[in-house]
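Here are two versions of the same chain, shown separately as structure tokens and labelled structure 1 and structure 2.
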Structure 1
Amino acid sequence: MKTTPFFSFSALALLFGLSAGCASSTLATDVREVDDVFKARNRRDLAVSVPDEEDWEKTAAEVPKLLAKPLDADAAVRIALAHNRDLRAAFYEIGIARGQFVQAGLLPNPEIEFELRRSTDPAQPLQADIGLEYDISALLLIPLRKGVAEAELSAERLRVAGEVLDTAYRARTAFYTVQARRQELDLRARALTAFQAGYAAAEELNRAGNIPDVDLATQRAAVESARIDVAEAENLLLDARESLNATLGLSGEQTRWTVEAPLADPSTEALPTEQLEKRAVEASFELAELEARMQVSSRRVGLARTEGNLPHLSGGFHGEHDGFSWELGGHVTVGLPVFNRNQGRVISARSELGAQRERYAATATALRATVRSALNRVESTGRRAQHYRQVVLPAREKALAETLLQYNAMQVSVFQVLDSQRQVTQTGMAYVETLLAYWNARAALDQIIAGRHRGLGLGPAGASGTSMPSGGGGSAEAVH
């Protein structure tokens, strides 16, 4: 006991120094540790760099370079990982857990008490007391508390790694949506051009006295409705751009990026269907995080139990100087765990653990279902997209070519030719929607295999979702 105070002082000084050092480097550590998770999974493309705190307002150097060229999906992901502020916030949030971990490892501070006393009897010397009090229970519980905090830190790290994946996924799908909406706008504009051509023909025929006003009005109505469709498509494109801007964290001048490439045709490479569910389960950050949280809860149970059963121990050293000599001594205080043995906390912690175990099972089930559903979606939309590209579109184009021949043979009117042309456009729109569904499903499947299955926007199955250009049907019939 004699040497304890001196030892404690030096240990405290050391800890101060250490904790001060940790405080400034924790962000870099947290980023590096998450990156290490992806490195271990061979996903260097998901490396995130978060600038030091003092540079927090600065834009990563690669972002303007990526924005200067027409964007592609990979560039969008890069920008999001470098620039998305929610993601950066998440990394700071690891710091919160890390702080708690550091905190949990700190030794309890000793309490020193000085006391001076003077007797009313002037003959009595000035009495000086010195006492040192130390919470021994807290000291004993440090390893357990640290264990809890450490488990929490690792759960938090997994959560943020998941957020990296989410951000990349959202950037990718938001980019696909921009591509699809841009193509849809082009196609709607093309449909409008067809209606305008029909209207021009109707105007001319009406002027020549060959068709009545009703046919002209019908064509006019179709043109004007098609204009609405174009405006709507424009709005959808703007929405899609803004959604991508938000995901990439772009504002101001940065929002002037362009996209040139249309959605790619479905990939012909075989899907990695081998042991997909197993791989997804193994990779799942959600399950890993739940596991870590179970670890937290389980350690909490242990902590609460130990804390409840461990008699509260504190000890102290006491010196009293009565003018001539020191009286030295020590004491130990033992709080008896008679009534409060942390029974409530144990119940809570155990319940939490039980709940998490069930959630884990539920999540694993949902994950497996999502894997299968995403795989089905990829296969179905891929086949449908291929069918559109290889069969339906050529068939529509053939129908248009044949309609043109029928027109040449004076069997059908220019209006029917234009109607057939719009069918090609319409099929193009359905193809684009199917392609979008395909690439979204691909991204979702990749996301699941990478370790994240929540919040995947697969959307309803089968809906190619496009309506006929307004005024379509009927219009040709109106003019013969």
Structure 2
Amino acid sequence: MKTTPFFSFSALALLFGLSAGCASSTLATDVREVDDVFKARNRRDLAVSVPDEEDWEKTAAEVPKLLAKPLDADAAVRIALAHNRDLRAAFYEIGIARGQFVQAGLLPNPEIEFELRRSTDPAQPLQADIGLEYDISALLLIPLRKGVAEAELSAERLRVAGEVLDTAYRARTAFYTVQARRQELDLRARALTAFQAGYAAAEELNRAGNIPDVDLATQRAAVESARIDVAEAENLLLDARESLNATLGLSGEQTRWTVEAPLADPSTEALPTEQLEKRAVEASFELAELEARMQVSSRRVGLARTEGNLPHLSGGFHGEHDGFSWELGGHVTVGLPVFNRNQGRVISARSELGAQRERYAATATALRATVRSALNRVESTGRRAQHYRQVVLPAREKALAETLLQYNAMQVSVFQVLDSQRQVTQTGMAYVETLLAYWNARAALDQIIAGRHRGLGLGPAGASGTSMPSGGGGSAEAVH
């Protein structure tokens, strides 16, 4: 008699094939889905294109081309998005959540039991038992568990999208710092050159007997102090370059990039202040992620309750062969939820949901405050930078020129000339620091509007690492 097997070989092969397919990497899918988030917001400049995992491990083709030319802020962002290893790790972490989502949707495996028995009576035939057991409760809970995992995957995708913004922001601000340190080194170098020229002239005047030795020694001390200032400025520039290298993920020959352009003057473009707080809240990846986390917690509450109240169900078939014929039957096992109804898990899940709600409200409040702070910082630093460039710096340079004229006429001492020269340098340094604070604040404001407000390095409101010279010539703080 021809029989039909319960599971055909082709069906088993298909099942194993599907299992193998589910185990493959989903990196390209994860990257594409995050890119789609930014495309929907018309931010294609933040797309991270990775065709497959093999190419992902290589240097992106655009990186050498960008490094071959003097860098600008946009190029630094592109390199960071293509080459930063921490960002790549974040994309792999989406795969962890996706794997949990796939796992949650898999059917439970059946359990098969075989048993052979031989009686001590040699006249009795060999007896065999076979049983098939299946966890029915696990099967019924698949939709709920899959819903929790799906919400977690969505939250993870939003978290990584926020990390894309963080990486771009760090690259941009690190680039601005390199520009500022280059300008400060230039200022220190120009001051050294001026002091060296003054010392050379003082040597000639001293040999002619026109100035005392104390003036010559003072000029020499000024030269050596300026030389130390240059060395310190060089060290700060090197530190800034290494910070940018780390953000861009560069090493070896790739670190020989150049920067030519100085920090630009404050933009005259009007700030997008209309409904700024509302736009920031709507765009916030942090709030979107917290909303997704609340969805996760809510679904966990439902899952815990269902698991607790649903009786544990399992069933199967049983066959016994007594040596002459088969006896077939089935059974169902029911576990009564009398004592353990997941009360503890329900409490934990509800507490997690409450905590997420409070964090959402706190984050929204902090976001609005950060928007106002960043906007104030942009406006304040912009006005101060303009005042430095248009008023304070010209006043300092004119004061230096007048002091030199009076020194040549023997009306003032060398100390006043040196002091005037130092004030020009310090004012230039303060201008550069204010420009850096302006562009950092501008990057922070753009970052908030793009959807991220945490980790912004706005710094203290006074934002100047260089002490302002006292005395005439006007104060930029007056325009704060």
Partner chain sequence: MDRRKFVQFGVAAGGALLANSALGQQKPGAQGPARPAPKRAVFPGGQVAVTTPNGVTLPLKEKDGVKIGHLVAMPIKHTFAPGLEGDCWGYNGRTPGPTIEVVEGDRVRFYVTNKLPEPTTVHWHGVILPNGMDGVAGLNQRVIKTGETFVYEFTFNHPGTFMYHPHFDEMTQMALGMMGMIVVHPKRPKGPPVDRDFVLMTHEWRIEPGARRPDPNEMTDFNVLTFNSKAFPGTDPLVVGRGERVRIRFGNLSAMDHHPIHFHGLTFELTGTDGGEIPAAQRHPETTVLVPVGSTRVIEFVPNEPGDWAMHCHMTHHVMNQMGHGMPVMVGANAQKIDAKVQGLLPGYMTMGHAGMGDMAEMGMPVPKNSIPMVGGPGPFGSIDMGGMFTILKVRDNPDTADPKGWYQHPKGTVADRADEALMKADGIDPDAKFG
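Between two forms, the rigid core is the largest collection of C-alphas that superpose within 1.5 Å. Treat the numbers as computed from the prediction; the structure is a model and nothing was measured. Numbers follow structure 1, counted from its first residue as 1.
- Only structure 1 is derived from the form predicted together with the partner chain.
- Taking the rigid core as fixed, one finds a CA shift for residue 182 smaller than 2 Å between structure 1 and structure 2.
- With a cut-off of 2 Å and the rigid core superposed, residue 239 has a Cα displacement that falls short of the cut-off between structure 1 and structure 2.
- Positional change of residue 423 between structure 1 and structure 2 reaches 2 Å or more at the C-alpha, relative to the superposed core.
- A C-alpha shift of 2.5 Å is found for residue 118 between structure 1 and structure 2, based on superposition of the rigid core.
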